[in-house]
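In the form predicted on its own, a lone chain appears below as structure tokens.
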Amino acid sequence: MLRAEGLKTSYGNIRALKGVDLEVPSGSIVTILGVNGAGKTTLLKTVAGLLKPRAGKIFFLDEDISRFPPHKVVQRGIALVPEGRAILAKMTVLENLEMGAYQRRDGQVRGDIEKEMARFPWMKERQGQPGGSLSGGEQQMLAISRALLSRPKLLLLDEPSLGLAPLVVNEIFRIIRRINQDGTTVLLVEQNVKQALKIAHYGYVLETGKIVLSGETGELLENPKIRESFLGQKS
């Protein structure tokens, strides 16, 4: 579904991505692992069109989207849930959901909003409440639902469990798995390595802008480098 070839992205003179190659097969969950500053968020922003690559190509469903602006990337079927959630704090829960569908012109938006409110029943009860008044976990759920209102084929998730309580983290990962089972492909950046490798099918390890390791998640869980660097387990 998604393919990056030799992707290089810079912030001024700082080279954040240094020739990244990866693939995200249709129907899968693929996770990107790495320490802070490895280039994970830069990768997602580049795919989403928020950053332009200095070199390399991004193909989505065999179309070169490397130079597409963000709204065209969304139109093609890619939605990003950014790190920190970026909820529109002064707008209501319902208005946040409606913003997710702002480019749609079909007559099924209301039905999709109802589906999201069925997924998270608290949304229906609190649809008139400002987004900024929600808890961190509720804001994350709202951000995911808002992205799904664009009807993406590929959902990009940047650190969805960051700063959340353990019970909420478990719920977020259950939701991600269910979204994937319902037919949406997922590219996941996540600092909770153990949880990410549990639900993903394939993983890449990014280190200072380069892919240094990749494989099926069962293999990665047994890899000594992963166990020592990310799981705190000595081999």
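If you're wondering where the values come from, they're calculated on a predicted model, not measured in any experiment. A residue's number is simply how far along the shown sequence it sits, counting from 1.
One more form of this protein, predicted in complex with a small molecule, exists but is not displayed; see below.
Trainee: Heavy atom to heavy atom, is residue 138 within 4.5 Å of the small molecule in the predicted bound form?
Mentor: So residue 138 does not count as contacting the small molecule.
Trainee: Tell me, yes or no, whether residue 37 is in contact with the small molecule in the predicted bound form, where a contact means a heavy atom of each within 4.5 Å.
Mentor: Taking the distances in the predicted bound form, the answer for residue 37 is yes, it comes within 4.5 Å of the small molecule.
Trainee: Mark residue 220 yes when one of its heavy atoms lies within 4.5 Å of a heavy atom of the small molecule in the predicted bound form, and no otherwise.
Mentor: It does not: once the small molecule is placed as it appears in the predicted bound form, residue 220 has no heavy atom within 4.5 Å of it.
Trainee: Please run the contact check for residue 14 against the small molecule in the predicted bound form: heavy atoms, 4.5 angstroms, yes or no?
Mentor: The answer is yes: residue 14 has a heavy atom within 4.5 Å of the small molecule.
Trainee: Considering the small molecule in the predicted bound form, find the one stretch among 173 to 181, 196 to 204, 38 to 46, 57 to 65 with heavy atoms no farther than 4.5 Å from it.
Mentor: Looking at the partner contacts, the answer comes out as 38 to 46.
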